[in-house]
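What follows is a single chain, given as structure tokens, in the form predicted alone.
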């Protein structure tokens, strides 16, 4: 009787081992679960959401040849703005004043590309969902001032002056609002050559590049509130 009990115990342990091993084996064969959507309890940071909007084009940007004859420079980039951070003006003729983004502007500025008519690459809009483009972007009617004034245009940030440490990733020298989509300005043929990123396939830009919105010298003593 005692021998039968011991044998029964070993049989039960063996069956349990087979069941656990079988479950573990088939669990290992399943593909990893990667959530592609988020619910209200797991919202991503709004200022980082735009970084991933053009991520599907990242490898295409990496493979694009450099067209040196039609490259923009940072000087061109800032000369088309009233001040650093201002919306760029429209540097080409606008055929009909009433036309707005979805049916006109975005035909060139949604995905960029070379525009034969203007002999230039169209910059990619970082916010194509805002289709009333003329609300912020005005026609460039004159390159000079209409009237003498005392407005002083602030100097734009210089490339290479905003690294926290020598060799560290540069910080973001501008506000992120309306410019959350990094690849629209830093990748592709229309990107200014001085800020053309060498690794557009690393789409999680904010993982290494942090904003410089707060001056470290102005920070006071950190006190934890109870």
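The term rigid core refers to the most C-alpha atoms you can superpose between the two forms while keeping them within 1.5 Å. What you see is a predicted model; the values in this text were computed from it and never measured. Numbering follows the first chain given and starts at 1.
Although not depicted, the form predicted in complex with a small molecule is the subject of the following passage.
Heavy atoms of residue 95 reach within 4.5 Å of the small molecule in the model of the complex, making it an interface residue.
Of the heavy atoms in residue 160, some are within 4.5 Å of the small molecule in the model of the complex.
The closest heavy atom approach of residue 153 to the small molecule in the model of the complex falls outside 4.5 Å. Among residues of the shown chain, residue 111 is not one whose heavy atoms approach the small molecule to within 4.5 Å in the model of the complex.
Core-superposed comparison between the shown form and the other one: CA of residue 65 displaced by less than 2 Å.
The two forms, fitted on the rigid core, differ between the shown form and the other one by less than 2 Å at the CA of residue 195.
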